[in-house]
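Listed next as structure tokens is one chain, alone, in the form predicted alone.
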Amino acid sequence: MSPETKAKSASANRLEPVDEVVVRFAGDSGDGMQLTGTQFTSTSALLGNDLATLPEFPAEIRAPQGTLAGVSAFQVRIADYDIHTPGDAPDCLVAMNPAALKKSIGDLKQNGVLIVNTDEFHDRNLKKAGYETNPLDDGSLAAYRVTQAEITTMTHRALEEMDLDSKAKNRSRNMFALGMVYYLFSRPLDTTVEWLELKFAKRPEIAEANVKVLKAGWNFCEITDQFQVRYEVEPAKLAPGVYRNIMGNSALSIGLVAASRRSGLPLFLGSYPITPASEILHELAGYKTFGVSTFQAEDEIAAMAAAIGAAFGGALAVTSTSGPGLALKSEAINLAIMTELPVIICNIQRGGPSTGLPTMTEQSDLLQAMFGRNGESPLPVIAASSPADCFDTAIEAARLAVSYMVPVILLSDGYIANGSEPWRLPKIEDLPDLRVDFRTDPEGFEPYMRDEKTLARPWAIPGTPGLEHRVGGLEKENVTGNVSYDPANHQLMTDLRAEKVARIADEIPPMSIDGPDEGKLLVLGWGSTKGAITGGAQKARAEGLEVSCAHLRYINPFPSDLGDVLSRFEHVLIPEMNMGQLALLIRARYLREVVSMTKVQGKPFFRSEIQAKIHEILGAENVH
């Protein structure tokens, strides 16, 4: 912390320690709310807070300015203890215009801090947002601690001596809001100052302008005593290690690169841009020095076909997409199943059907991943549960693909992909050894002979002398790989492909249960619901309710002990961001009735929603 920042910190009227804070920045898509939230997040990470974030993007590329459709928001929760979600509702809301206020005010906690840019609350913007009266004047905000600031005016005033046009000055007003929030929550300015100077090293006048405005926001609060109380969140007590703040798509990308290095295979990504998976393509394109090749295909079908070709040629092959793209890839995925080639298919789910909600989250592709192909075509399906978990899940997907010679679907979603949390960097020696033994000996070679344990066929690279063989979509004869229309052979090959996937269950670790191993209620989840389920169940247990929770990474096949775990509880609750797809699979497989809790609003579950459902199931009489 700089001497200037220390002096300003010492001058605060009253500093109140709190264990956690939830802040939401909201404004027009051009107001820089994602950058503002990211800077608050980075500063808090360097201070040692545990954190979780939830960005929210407009679906339209150029939504009309000042409208609800154009609102961009970034929510971050920081804490001095281990947290699992970005929070149910903000303690502080920054609203840069009326539309941002209208879209987020319903979430702000009672007596929460509301910071508004009064310069934007004029008749035209109020009308665009659907306000009949000005909420700053009509008493509708009486339940909140409102700080009104002429952010645009004061930004221009701070920059009046700089030779910048009005538009350039407006672009830095997000820094004024950030300076105010830094003051309120006792965050130092230094990290953002250094970032601005590095970011705009080639345009020092822009860096200088943003730094001036950042400090002006801080000084405005200090000079005018805008906040009677300032807050401070101490560092969290996390396990020892080196941490970095990471987003889900970044963690997944780095996990794929790590899998490539641990396997000795070059990484190939064949992809077609689609929200929210595009960042995987962008990220991996920067790893060329690690032997990564990225191919932006003309469509989803070509992307999947290119990945199959790369796998045939001996690469660690990956394709990335979202739900609509997975539908287009389905025929080529079946080609990978028939040829028994290892391909990792990363499906970053979003709201559907069709184009649906491209910038919002959902878990509605589970049944598509399980069954969305013609014929009997099982493949492994695994799901990441948090941004940091994407790293480990990517490595596991690679292990399954190359060990069993099978395509693997890895499910993530927009909430995980765009959210972030601290990630402890693993030690290289702790990562699994994924080295592959290609078949090189032509003696006794048959393309569909199988490993006794995994039933994997040999991986023979084209061009290896004596190992010439054909691949294609027609049914193969067992062992020889010749085209076969024999009914008995088709039955055998269908059984073998299914058994190969089923055998993965032998390697799945026993299920981990948070709470008692048996009892009244088990909350079972998969994917990004883990944080809300864990938080909701822990809060319910603190109230005396008998509840446990468990989470699935492996969905096909299920863990071998899942049936036993389910049998030990009177009730099973399954929250999902779909209409009950895992619940359907559990009922079908285990003939066990479950309580299905569904949500398809483009937003993740809140801990309070899970907690309320637990109360509903168990009832007050079970409190002890």
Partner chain sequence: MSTELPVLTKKDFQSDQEVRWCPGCGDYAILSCVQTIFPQLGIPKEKFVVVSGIGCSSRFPYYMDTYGFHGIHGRAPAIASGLKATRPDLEVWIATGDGDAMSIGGNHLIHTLRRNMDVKILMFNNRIYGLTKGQYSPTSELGKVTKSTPVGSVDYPFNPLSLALGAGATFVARGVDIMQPHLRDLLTRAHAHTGSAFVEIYQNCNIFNDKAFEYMSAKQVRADQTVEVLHGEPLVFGKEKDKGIRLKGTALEVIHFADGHGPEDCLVWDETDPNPALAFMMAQLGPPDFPTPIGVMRNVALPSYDYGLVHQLEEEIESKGSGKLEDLIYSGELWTVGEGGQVTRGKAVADPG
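Positions refer to the first chain, counted from 1. Note that this is a predicted model, so its numbers are computed, not measured.
Another form, the form predicted together with the partner chain, is not on view; read the next lines as being about it.
> Pick from R435, H122, K199, R424: which residue has any heavy atom within 4.5 angstroms of the partner chain in the predicted complex?
Checked against the cut-off, the match is R424.
> Could you work out which of A258, V381, V76, A277 is the residue within 4.5 angstroms of the partner chain in the predicted complex, going by heavy atoms?
Exactly one listed residue reaches within 4.5 Å, namely A258.
> Could you tell me if L584 has a non-hydrogen atom within 4.5 Å of the partner chain in the predicted complex?
Contact with the partner chain, no.
> Is F268 close to the partner chain in the predicted complex, meaning a heavy atom pair under 4.5 Å apart or at it?
Looking in the predicted complex, residue contacts with the partner chain include F268, since a heavy atom lies within 4.5 Å.
> Test of understanding: in the predicted complex, would R187 fall inside 4.5 Å of the partner chain by heavy atoms?
Judged by the heavy-atom cut-off of 4.5 Å, R187 is well away from the partner chain in the predicted complex.
> Should T289 be counted as a contact of the partner chain in the predicted complex, where contact means heavy atoms within 4.5 Å?
Residue-level check for T289: yes, a contact with the partner chain.
> 402-410, 466-474, 538-546, 113-121: which one contacts the partner chain in the predicted complex at 4.5 Å, heavy atom to heavy atom?
Residues of 466-474 come within 4.5 Å of the partner.
> Assess the spot marked by L47, R244 and L431: is the partner chain within 4.5 Å of a heavy atom from every one of these residues in the predicted complex?
The answer is yes; L47, R244 and L431 each reach the partner chain.
> Which residues within 310-339 place at least one heavy atom within 4.5 Å of the partner chain in the predicted complex?
Residues within 4.5 Å: A310, F312, G313, A315, E331, A332, L335, T339.
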